[in-house]
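Subsequent text provides structure tokens for two forms of one protein chain, presented individually as structure 1 and structure 2.
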Structure 1
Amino acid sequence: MNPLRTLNRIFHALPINLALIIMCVLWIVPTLGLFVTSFRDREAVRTTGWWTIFTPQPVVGETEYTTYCASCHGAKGNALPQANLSDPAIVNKYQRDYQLLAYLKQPINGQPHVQNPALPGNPNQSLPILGKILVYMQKLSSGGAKGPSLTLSNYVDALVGYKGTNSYLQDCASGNTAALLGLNCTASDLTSPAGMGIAMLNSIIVTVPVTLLVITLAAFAAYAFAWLDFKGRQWLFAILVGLQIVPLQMALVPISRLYSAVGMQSTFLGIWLFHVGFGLPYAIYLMRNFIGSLPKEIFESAYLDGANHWKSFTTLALPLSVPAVASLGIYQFLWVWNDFLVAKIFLTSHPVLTVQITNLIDPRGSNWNILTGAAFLSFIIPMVVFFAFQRFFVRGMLAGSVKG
């Protein structure tokens, strides 16, 4: 083999390979960070970056606790029976740093609560210290001050829709019923209207029928445009292709008013019809181009043998169009599953996953760590669908767009 030709081939492909590597890194690194963060506890997410999980890290709050508290309460927090910091019942009284600060300002026997050394007088300096001490106290009350560990708390909180100061599992373990707000720490909490469990079911109810309807109707229409000869066929197909450029946002207000008038607002039927209507133009275009590219001789032979259009459609067109059907199914499923705007407007009483994720956000932004678990819960099913049919995806998309 000519070395110069080999080097030329390597350098010729280098820009493409480099671009692919950069694209993969730009996609994989943030996704990996989100995935790792979804298994970290609230305080670890708030105080350290996700990459720190791969290196040994000091226990959050250990230094501050040793400096200000260990001399009285002991290294394990249980030196004072009347103020046992390893007791969850005592620790749960102080959920916020400002609550602990208010308590520490109360003197004991006429002396400052914290001395040798004393806390900084400026709250902007003392509150961050107390926040870390609270984290360490929670670790002591949960059985020991261990280093960063992986947890499923974010996923559990997202499933039940829990937005408490502690995690759902912590409050259930400590019996903090006041913070549970109606949840009873049983499997029935998975059906909470504020959680992701019911929202995932709603997403399935919306997405699966829409995908099946779009594929079915598009396949019928595509066969008609490809192999049935009727007047105005090309003009009708051209109009259908042109409908793809119409933004669905233009129809939100008039269709919402129509649904309100006929009693279809916030119903599954209403959102099914909306998604099917706006999904059909592209679906018919894709399926028609694929079915139209099939060998004409196959259908002519079937017609000569006495097959009608229904027989040709079911025994020839559909089986040969599996790549296009699979690619269309993936595209339509992902489109409807990830939709937020239409579901927010037309399905207010049955929130889907994309809408429910936004409902999990605390107005003060203190529980955004839950969103990491919610994000991964939201694309488990799309990932399964994509990997199940991905071998057909590229083949169907290319075949449906190149030939016509």
Structure 2
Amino acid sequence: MNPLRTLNRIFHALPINLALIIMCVLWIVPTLGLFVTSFRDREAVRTTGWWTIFTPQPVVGETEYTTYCASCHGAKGNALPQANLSDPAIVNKYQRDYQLLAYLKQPINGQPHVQNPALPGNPNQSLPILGKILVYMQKLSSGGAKGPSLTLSNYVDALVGYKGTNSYLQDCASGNTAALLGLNCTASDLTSPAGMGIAMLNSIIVTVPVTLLVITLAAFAAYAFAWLDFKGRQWLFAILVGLQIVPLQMALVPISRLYSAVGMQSTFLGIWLFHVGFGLPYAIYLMRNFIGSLPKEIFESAYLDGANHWKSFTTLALPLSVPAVASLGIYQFLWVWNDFLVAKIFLTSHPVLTVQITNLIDPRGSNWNILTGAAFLSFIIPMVVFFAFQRFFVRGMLAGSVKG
């Protein structure tokens, strides 16, 4: 291997790699933010940015502690055995600055607790100081420099469908069964009716048939639009393009009325048909483009070999448009997987993932943090589908079939 040539190649490939990597970084940063957040508790999320778990945080309150407390309690807080500030049991008695202030006002052995220097007499000045000292004392009592505290609660709570105000793991640990509502802290909770396990199954039952149906029906229709001749073809195709703009919200009331008239409310059949209906215009439009751009010659030669339309559809058009089918399949899957409104309205009895998760969130959204864990749990299956379908993006299927 010639090192100069290798260097030359790397140099030439550099702009491409640079462009790709910059774009990937820009694209992944927001998602990374959510990913990091999904392991943090919500008070931490509220007060500090997600990236702070990667960066050293400034130490709060050390100066104030050193000024007012270190002379007696020591730099590590453990100089006085009877008032050991590295003991969480003592420190946790003071959650807020005013509690500490009230305590410090009590004299010790007839002397002011804090002297040399004394705290400012005006509470407007002393409270902020004590607030910082409290933060520092928390740090001392929790064993000094500890890594950022991460939690799996957002995932676990979503998975089991926890509806309390604390967290599933904490309630299980403390035996707080009243808040657990039928969850019993065993593996069976993974299949609890409010959890994500059952909802994921429902989502799959909704999504897979819809994706298959849309692809099949669209392929048939697209072949007709591309290679068959019939009256009104152009007009029908124009209408098809236009139908893509129709907002599905417009169909909710009429279709819901129809379903209740024929007894199809909250059935899988009902939601399948609805999704297929709204998936088809785009699917046919996309497939017609791919099937229509296949070279005419391959169909002609097949015909000369004795193939009819059915045969050329199944043995030529379909196999040759596999990349199109794959990309269509990915998105059709994804749109149905992420749908909330249609599932909410047409499948009340079997909540899908999106519906199930919204049911866990309090009306004012104070436990929104569950969404972060739920998002990544829900994210797994579309990503699996994406990787699985990428296999079909292969070059050279049309090799040798092209005119001149």
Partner chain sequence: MMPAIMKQGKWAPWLYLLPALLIMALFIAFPTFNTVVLSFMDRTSTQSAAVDCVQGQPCWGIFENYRYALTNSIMLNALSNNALWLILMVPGTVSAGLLFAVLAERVRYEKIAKSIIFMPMAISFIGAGIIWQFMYSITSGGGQQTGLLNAIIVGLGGQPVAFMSTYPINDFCLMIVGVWLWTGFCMTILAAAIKNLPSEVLEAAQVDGATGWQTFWKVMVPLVMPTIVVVTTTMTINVLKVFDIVFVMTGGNYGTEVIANRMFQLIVTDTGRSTAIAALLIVLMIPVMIFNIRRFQKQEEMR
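Please note that residue numbering is based on structure 1, beginning with 1 at the start of its sequence. Take the two forms, superpose them, and find the largest set of C-alpha atoms that agree within 1.5 Å; that set is the rigid core. Remember, predicted model here, so these are calculated numbers, not experimental data.
> Do you think the form predicted together with the partner chain is shown as structure 1, or as structure 2?
It is the second structure that is the form predicted together with the partner chain.
> State yes or no: after fitting on the rigid core, is the Cα displacement of residue 41 between structures 1 and 2 at least 2 Å?
For residue 41, whose C-alpha is compared between structures 1 and 2 after core superposition, the shift is 2 Å or more.
> Establish whether a shift of 2 Å or more occurs at the C-alpha of residue 188 between structures 1 and 2, with the two forms superposed on the rigid core.
The answer is yes, as the C-alpha of residue 188 shifts between structures 1 and 2 by 2 Å or more after core alignment.
> Aligned on the rigid core, do the two forms place the Cα of residue 315 2 Å or more apart, comparing between structures 1 and 2?
It does not, since the residue 315 C-alpha is displaced less than 2 Å between structures 1 and 2 after the core fit.
> Once both forms sit on the same core, give the Cα displacement of residue 24 between structures 1 and 2 in angstrom.
After core superposition, the C-alpha of residue 24 moves 4.5 Å between structures 1 and 2.
> Using the rigid core as the frame, report the C-alpha movement of residue 80 between structures 1 and 2, one decimal, in Å.
In the core superposition between structures 1 and 2, the C-alpha of residue 80 moves 21.3 Å.
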